[in-house]
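Next up: just one chain, as structure tokens, the form predicted on its own.
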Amino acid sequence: MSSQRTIYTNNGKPWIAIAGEVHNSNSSDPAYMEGVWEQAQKLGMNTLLLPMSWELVEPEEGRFEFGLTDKLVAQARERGMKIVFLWFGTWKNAGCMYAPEWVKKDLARFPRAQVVKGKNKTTLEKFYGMSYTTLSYMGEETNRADTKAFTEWMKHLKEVDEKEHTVIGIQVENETGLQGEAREHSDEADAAFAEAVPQGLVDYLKAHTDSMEPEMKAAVEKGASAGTWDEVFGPVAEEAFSAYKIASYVERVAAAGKAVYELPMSVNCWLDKGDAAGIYPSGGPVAKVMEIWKYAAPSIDVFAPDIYVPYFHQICDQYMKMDNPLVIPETAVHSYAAPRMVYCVGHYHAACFAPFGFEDMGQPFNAVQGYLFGMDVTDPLLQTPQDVEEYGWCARTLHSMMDLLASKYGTKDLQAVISEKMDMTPMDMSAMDPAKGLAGMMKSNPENDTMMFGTFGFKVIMNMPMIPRKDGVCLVVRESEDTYYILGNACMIAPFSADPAKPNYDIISLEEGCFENGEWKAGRRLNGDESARLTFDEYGILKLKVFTYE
């Protein structure tokens, strides 16, 4: 676990964004958003990620419209919620559909990226034959215009919200990059690609190979210490070139906005999924080129993955490098959503977890969602919509615990385990050793099923014959030396002392309850049968106090 932190704040206090990202078009209409805010509240969310598009902020060059921004901010304030705005400027999903009309129509001043030399629009043969166009990352005029619009908008945000602080962060652009090829192929791009790589970039990368993904690390270590992009980066030269150009472009936008109103700024990415650059947007801030982005875009505080792949946790691990706070601005609304949210807060100490299109949570998946969510994989939870009541309980509970949880971020006092990462093959029940108690019912994998708080620990047992479920999760936060809060689902908990001098433990007290305004409110005092086995058949939270002795 790296030293994580909440990058978002509320009046100076840490804020964990238990969030949701709305469908792209919904935030363009405040009247439509009334129902969306209502749904967010039902789901226990405290923050919404809302697109704000360049075309609606600057419909005519030099004429800025901020009425939509003001109405969305007012709606959030009425509900005591926060906003992270998503600036859809030059890029949205590697395209330019949210740029204003006056930008789209002037191809001389605002050039399009030439995936194929001389062509402003092309067919993506390797991406379902879709037609494709986007603004060029070589476009200096485009960069200046985007920067001006963003800066004026940030000035307005400061004027209307600096005291209230309803807006807690900004995502700059959305899923930047180029599809179809690893780099642009205009004459201007070809000439720039033949030039020497900025020496500062080369020196930085040579000094930061430890964090690099294998492909980039091998190329940088083998490449020249000075020279052209081909000479320095070899097989990844074109993607490295695109990454540097796009990161430098985004930096100019972000830096100008931050200069007038300093809010945490993030960028998100369309994952590479092991494909070749250009099948996914080349040059976007995927893990492979994060070091290039880190150098070229120092105003960006967070590099955030949009995660729809089944191997969710491996992606989270990738984006924890370089002390990058984990922000998940987009993820699926299938039945892993609730346990993953709990796990991300407890294990990764995430600053934000936001299912995309949460308005649809609980509804049957359409064909596109089914493809994105991995329904072709044999896993029932990937094929089943998230239960909205369960999600709402988890979100409300995490929000109610925010002060305690945030105070433990970056420490070992907050941990979690999840069924997804455990051994899916339970032991034969007939082979159970009663002397080992509950912990003997399953093969132990301490990295994935055990949480240690100094010399006291919790082994979490999931995926057993009597609990044949994969939606198990358990979060434990240590309040003090002998007091713990346990949030769990579909699991059994086996506490133990690992202190050789005090190998025994007793339960002093065990309570059901909830947090209200950050304070624990006790319910039933559990004892006897209920304390003999710590089992969560459904989501719940307990307060446990223990005593260890010889």
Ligand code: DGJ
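Everything numeric here is computed off the predicted structure, so don't read it as measured data. Residue numbers run from 1 along the displayed sequence.
Just so it is clear, the following notes concern the form predicted in complex with this ligand, a form of the same protein that is not shown.
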Legend entry - this ligand in the model of the complex: contacting segment from 335 to 343, 200 to 208, 303 to 311, 120 to 128, heavy atom within 4.5 Å: 303 to 311
Legend entry - Option touching this ligand, based on a heavy atom within 4.5 Å in the model of the complex, out of E238, E175, D272, D471: E175
Inset, instruction - Would you mind picking the one in S531, T535, N24, T9 that has a heavy atom within 4.5 Å of this ligand in the model of the complex? - result: N24
Legend entry - Touches this ligand in the model of the complex: F356 (any heavy atom, 4.5 Å): yes
Inset, instruction - Please check if N93 has a heavy atom lying within 4.5 Å of any heavy atom of this ligand in the model of the complex. - result: yes
Inset, instruction - Report whether the minimum heavy atom distance between S186 and this ligand in the model of the complex is within 4.5 Å. - result: no
Inset, instruction - Answer with yes or no whether E330 is in contact with this ligand in the model of the complex, where contact means some heavy atom within 4.5 Å. - result: yes
Legend entry - Any residue of 258 to 276 that, in the model of the complex, places a heavy atom within 4.5 Å of this ligand: N268
